[in-house]
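Have a look below at one chain only, the form predicted alone, in structure tokens format.
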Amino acid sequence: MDNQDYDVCIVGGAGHVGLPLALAFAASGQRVIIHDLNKAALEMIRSGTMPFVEYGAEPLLNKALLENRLLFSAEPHDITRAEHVIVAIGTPGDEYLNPKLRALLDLFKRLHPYLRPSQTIIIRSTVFPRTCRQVERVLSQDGQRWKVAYCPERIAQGYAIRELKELPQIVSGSSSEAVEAATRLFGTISPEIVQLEVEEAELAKLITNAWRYIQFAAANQFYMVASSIGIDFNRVRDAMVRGYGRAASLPSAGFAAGPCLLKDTMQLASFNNHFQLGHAAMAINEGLPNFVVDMISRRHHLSETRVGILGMAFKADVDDIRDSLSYKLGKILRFHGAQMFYSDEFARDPTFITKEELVAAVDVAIVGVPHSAYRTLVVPPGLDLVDVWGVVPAQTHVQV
């Protein structure tokens, strides 16, 4: 039997899901292999620097490095050295809005020579229902019995370090042995374990993100209704939720984006063609940039207008631009001839300018994401500020 001198190996361990989890396990006393093909990211992490914004992560990283609890590897043979193998790779959709299941299954075929039935194989990635059973079948083609668990991630990006300690962990598996092993492992970092059947856990993850996406769609639809008659939706919402618990779950309007909510809603819609609520949510949220551009075009000749977007990340106070609707918004505006300027407080791009430079240079400024820094933004007189989120002080807000 191979020498298993590490407790956990995380495949995709340099990513937004894998790295915070690796640091949480290291902080709990585990020895962790961070396996990733991105060697540049591995070198950055090895030097004690996080490759992305994750609050509270860097002190844990440096402590783990000091205690020699991390092994960085791009070599598949190191996976054999861990008692538990957690797969935390991305699972994007294809051009037909269907999940790319083949990539995950092919990964397990490639890794099969480096995996052992004595290990607990834990899938952390978001997957299409019944995918984990297919993974088990792929591994079991060698005639051996494998322990396959599904433990979906459920953290808010940027706040994983805190939430991994606070949130219950869903655990499921193909056998009682897989469930017991995954329960013991996640019990070292989670305050509570919730056990489900595999298909239940797969659906729980997808429904969680689809529900959040639908909530944003409801808010955005209400925003469009209010804006069409010149009413400030954020004032209406503030009045609705103040001291009134039954309305408190209504989020603010805004560009609902990122690598999870839309993708997981699409996965659920692909799984069940009758998920009409999901299709409606996608149409509303993805249509918000067009709505904003249409409303601005009623006040300005876009071909003669300088427009700036404040915030290019997909959510507040992080640097991740994946699937950000700010880029879609900019593309639509450029199509209509607007001269574009961009700014962000966290994401870096040589073409970006500061928020102060942006509001001084443009005729119209659109808040793409509600970074905290915009709460104190000083807006020049005469600037047409489009703030769907309602983050900029009210006296400077121009309703779309």
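One-based numbering along the sequence shown. As the structure is a computational prediction, the values presented were derived from the model and not from experiment.
Omitted from view is the form predicted together with a small molecule, to which the following refers.
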{"query": "Non-hydrogen atom within 4.5 angstroms of the small molecule in the predicted bound form for each of I309, S326 and K355", "finding": "no"}
{"query": "Contact flag, L66 vs the small molecule in the predicted bound form, heavy atom cut 4.5 Å", "finding": "no"}
{"query": "4.5 Å heavy atom contact, L385 and the small molecule in the predicted bound form", "finding": "no"}
{"query": "Distance check, L115 to the small molecule in the predicted bound form, heavy atom within 4.5 Å", "finding": "no"}
{"query": "Contact label in the predicted bound form: P129 to the small molecule, heavy atom within 4.5 Å", "finding": "no"}
{"query": "Stretch in contact in the predicted bound form with the small molecule, which is absent here, among 286-294, 259-267, 187-195, 221-229 (heavy atoms within 4.5 Å)", "finding": "259-267"}
{"query": "The unique member of V179, A201, A313, A88 whose heavy atoms fall within 4.5 Å of the small molecule in the predicted bound form", "finding": "A88"}
{"query": "Selected contact from R235, R110, K165, R102, since only one has a non-hydrogen atom within 4.5 angstroms of the small molecule in the predicted bound form", "finding": "R110"}
